[in-house]
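Just the one chain here, laid out as C-alpha cells, in the form predicted on its own.
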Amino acid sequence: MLFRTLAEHYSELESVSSRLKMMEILSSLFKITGKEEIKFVIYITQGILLPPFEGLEFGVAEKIMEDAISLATGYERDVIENSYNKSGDLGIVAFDFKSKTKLKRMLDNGYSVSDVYNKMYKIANTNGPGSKDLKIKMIAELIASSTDLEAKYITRYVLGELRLGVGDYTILEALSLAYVGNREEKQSLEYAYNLCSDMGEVGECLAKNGIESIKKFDVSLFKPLRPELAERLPTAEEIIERMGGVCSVEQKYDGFRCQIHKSNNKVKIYSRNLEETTNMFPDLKEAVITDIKSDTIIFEGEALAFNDVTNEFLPFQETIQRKRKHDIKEKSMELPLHLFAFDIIYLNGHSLINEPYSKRRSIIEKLLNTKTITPTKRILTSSPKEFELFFDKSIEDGLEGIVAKDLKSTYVAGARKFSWIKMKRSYKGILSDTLDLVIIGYFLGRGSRAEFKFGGLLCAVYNKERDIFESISKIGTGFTEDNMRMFSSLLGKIKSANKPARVDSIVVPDFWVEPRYVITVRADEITKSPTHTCGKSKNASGLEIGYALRFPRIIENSNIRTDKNAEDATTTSEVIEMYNNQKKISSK
C-alpha cells in the first residue's frame, strides 16, 4: 500500500470527532492493507516503531526535524523555526513548506508503507559520531520525495505526535470489524494483546491466520504481559465478603513494580508500563540469575530500597533515586533493592495464568525466597478484625496499605477486577486518596502567573468502555514556579486550538492538548456536577450530571507520571466507586 493512501486516511481521521466514525475509517484502512504490512500500519498508527518493551525510539529532536525540513524545501532554518513557533506543529510546517518548496521537485517515488517504515527503522538505529547529520539527510530525502500530505505525517510520526486521537481499544475494534465482519471479537483481540503487549503482532496474526489463531494466544518469554490491577473497597468487611469469606491479605509496597523474565542466564526486567528497565537494576538481575533455581520463569514483584540492618523500608523518595541512566553501579551499592514477589505467571515452559492464586502463591513461597527476593508478607483470614490489625501494622511499617486477593482467582492480564482489592491508608478518610488524571488542556496565567504563560490544567479520567477521556476537574493550585515553567514548556509543544477526538469535555481551556501526560492529584471529595463529563448521566429531572473533584490540587513537588500512559489513569468506574465508598464512610 502506498504511504500516500495511509496519509489520506490519517487526514480523514483528523477531520472527525466521533470515535465510531474513527473506528470505521480504521476498519476501511485495515481492509485494504496487505497482510505483510498490517503490522507496520498498526505501529505507525500507534506512533511507535516497536512496542515499548523493545526500547527503540526515533531519537529525533525538534531541532533535527527543523533542519531536515529546511534541507528538503530550500528555506532557511530560522524561517522554519519562526513558522513552528506560530503553529506549534512541525507537521503543518512540513506540509506548508513542502507545498511551496524552493527546490526542483524530486521524482515522486511513490513510497510504500514498508518503504517509509523501514527508512524510519534505519533512522532510529543510526547512532554514533556523525549520526545527527546523517539523520537530517535521511529525513530530508524522505520529505523531499514525498507529497505535502505525506510530509506532514512523516514529520509527526518521527516526533511521536501524530495527533490522530486513536486509542488502542479503537484499533482493536477496527481490527475485529475489518477481519471478522463485526466488533464482537474485540474481547478476544484484547485478551491476546494483554498477553503479548504487541498490537502489531496481534493484527498480523489475525490477518494471516484468522480469529481462531488469536484465541490460542498464550504467555511468552520476553513479551511482557499487561499487568493485572486492583479494584478498591473501603472496609475489611466488604472485601472479605466480596472474596467469598476468606482471602489472602498482603502488604502493599510503594516501589517499582517489576515483571521479571528469565531464561537460563538471560534476564529482562519490565516496568509497570512495560518499558525494559534491566540496566537500571543490575543487583536485581544478578540475584535472579544466581538465586532463582528454574530454567524459565516470569514473575512479578515490587522493588524498593530496604535497610536490612534496621529492617525498615526506605521512603519512595529514596527508592526513586535508583531510576537513572548514569552512575547506576554506585547507586545500586548505596541503595540496594529488595524485591517482594507477589505473583508468578510462567514456570519452566508452562503458563500459570489459569491456575488459582492459592497454587501460584504456594510456588512463590517455595521458589522465590532468597536473600534479595522474598514473598510479600501476608496473612490468610476470614476475620475483619484480624484484617484491620494487619492493615494497621502495615501502615506502622511505613507501607501504603494492603492488597487482598481471591484465593480462587486466575491472573487477569491488563484488567482491573475484584479478584485483587486494595485498601490504602487514605481510605480511612473521606477522600484523601489520590487520583491519577490525564491532562487534556491548560489555561494561560493571569496576574502573578502571567509571566509563566500557565495558569492551570484541565484534567480527565479514562472511560475504558467508551475509550475516551472524560473531564473531571480544573486544577489551579499546588503548582510551584518550577512546575509552571515545566508545564508551560511541555504542554506548549503539543497544544491545539481544537479539541482532541477522544476527549469529552464541556469546559473549554485556552489550549487543548492530546491526552498523553498523567499527574497525581489530591482532592477533598468527589461531588456531582453538571460541569464535567466524568460518568455523566441524566438525573431524575432530566439534567445530565457528572462527577467532579472538590478542592483539587496537584501534589506538592509532583511531576509527570512517567510510569503511566494516558490509559493507565484513574478510570470513570473507579471514580464512581470512590464516590459511593466515601458516602459509606462519611455516614459511619
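All values reported here derive from a predicted model rather than from experimental measurement. For every residue, the number given is its place in the sequence shown, counted from 1.
In what follows, reference is made to the form predicted in complex with a small molecule, a form of this protein that is not presented.
Across the options 490 to 498, 412 to 420, 291 to 299, 203 to 211, residues that bring heavy atoms within 4.5 Å of the small molecule in the predicted bound form belong to 412 to 420. Using a 4.5 angstroms heavy atom cutoff to the small molecule in the predicted bound form, all of Q251, R272 and R561 count as contacting. Put simply, of V180, A230, L347, L162 only one has a heavy atom within 4.5 Å of the small molecule in the predicted bound form, and it is A230. When the small molecule is considered in the predicted bound form, only one residue from D89, E355, D436, D168 comes within 4.5 Å through any heavy atom, namely D436. Within this chain, K268 is remote from the site of the small molecule in the predicted bound form, having no heavy atom within 4.5 Å. Among residues of the shown chain, A174 is not one whose heavy atoms approach the small molecule to within 4.5 Å in the predicted bound form. Not displayed here, the small molecule is kept clear of R516 by more than 4.5 Å at the level of heavy atoms in the predicted bound form. The closest non-hydrogen atom of K405 lies within 4.5 Å of the small molecule in the predicted bound form.
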